[in-house]
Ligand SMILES: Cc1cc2nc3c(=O)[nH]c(=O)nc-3n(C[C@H](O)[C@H](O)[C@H](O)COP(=O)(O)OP(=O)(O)OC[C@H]3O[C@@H](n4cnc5c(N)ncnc54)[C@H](O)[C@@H]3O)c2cc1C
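Only one chain comes next, encoded as structure tokens, the form predicted alone.
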């Protein structure tokens, strides 16, 4: 019989990479297959933030925000070379959220995650601070902190650690079939190589149900909603090393973030789409982001100022709400048709909580992989 792995992971985005690192460090034999390059899809199309998700508080997602804020602390500690705290400024508009509501949200944001070295939020007077950026209609606002990250590098560092601990990582390899055979999984790759594994993890992100339906050939238990988030990049709109959280009339927010020293990263949009493949920004999204800037900043921009764009597809758990209100939390679907060959499908999730998600995956699968070291370790070991 050919080699037997403990865990086979489909998908080399941030969740797959985090699981590969965590599992390898517990002494398990791990095989990960990514159909493109690791970290090249959804995980590199983000707003480049490790954040608690201030606006999730409006949807009463206190548990998700608290977990995200705690993880923000952990990721700064384990990935200091690719993270940095950044002040975010919210211009206040009387027409939109009230000062009381914003203050309450920021109080919760400052405290839900427990102890932190990141500065607390404060009130801002634009006649004194950050003058000559915002239009005169904005005289005051608020400042809070979140963390900027190199998202693709975060994936690569997790993968590198996994390889050092013995994981097998293959890129540009699609899984074309997976079936249970004699109490284990037999997985077939697109070069007809067969790999045997005790457990199978579907961490395919927006392609999760495609894998379930076409590769595993079982019925997907949960519906996902594919939401495109698009960004535009311009020359930097101001010199200060700060980001802006801009509120729009439709209750959505747009970030303006310093990017690679010379540029401003502006996003994101939220548009429902049917397919996760080849996402690209629409003219309507460009106009939406341009209008957001022009409604707030003295410096006006047009389509000619757009130097580059990128779009990513977020796989959100369908709950039939407006796209901006759909949860960013994650859900596991554990299939134990045969307890000797568990299947775990991972729905949802966000960059910030990938490490905690990986830990919970291991807690979920440890009963079926008796040789697993049970001690959680990834929070204290630098990437």
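Residue numbers count along the first chain shown, from 1. Only a predicted model underlies this, so the values are computations on that prediction, with no experimental measurement involved.
Another form, the form predicted in complex with this ligand, is not on view; read the next lines as being about it.
> Just one of 235-243, 133-141, 168-176, 69-77 has residues with a heavy atom within 4.5 Å of this ligand in the predicted bound form, so point it out.
Heavy-atom contact with the partner occurs in 168-176.
> Examine residue 54 and determine whether its closest non-hydrogen atom to this ligand in the predicted bound form is within 4.5 angstroms.
Although this ligand is absent here, residue 54 would stay clear of it in the predicted bound form, with no heavy atoms inside 4.5 Å.
> Decide whether residue 25 counts as a contact residue for this ligand in the predicted bound form under a heavy atom distance cut-off of 4.5 Å.
No, no contact at 4.5 Å.
> I'd like to check something about residue 10: if you look in the predicted bound form, is any of its heavy atoms closer than or equal to 4.5 Å to a heavy atom of this ligand?
Answer yes; at least one heavy atom of residue 10 falls within 4.5 Å of this ligand in the predicted bound form.
> Hey, in the predicted bound form, is residue 268 touching this ligand, heavy atoms inside 4.5 Å?
It does: once this ligand is placed as it appears in the predicted bound form, residue 268 has a heavy atom within 4.5 Å of it.
> Decide yes or no: are 47, 314 and 351 jointly within 4.5 Å of this ligand in the predicted bound form, with each residue judged by its heavy atoms?
Yes, all three are in contact.
> With this ligand left out of view, which of 341, 42, 345, 358 would have a heavy atom within 4.5 Å of it in the predicted bound form?
Answer to the contact question: 42.
> With the partner left out here, which residues of 68-85 have a non-hydrogen atom within 4.5 Å of this ligand in the predicted bound form?
Residues within 4.5 Å: none.
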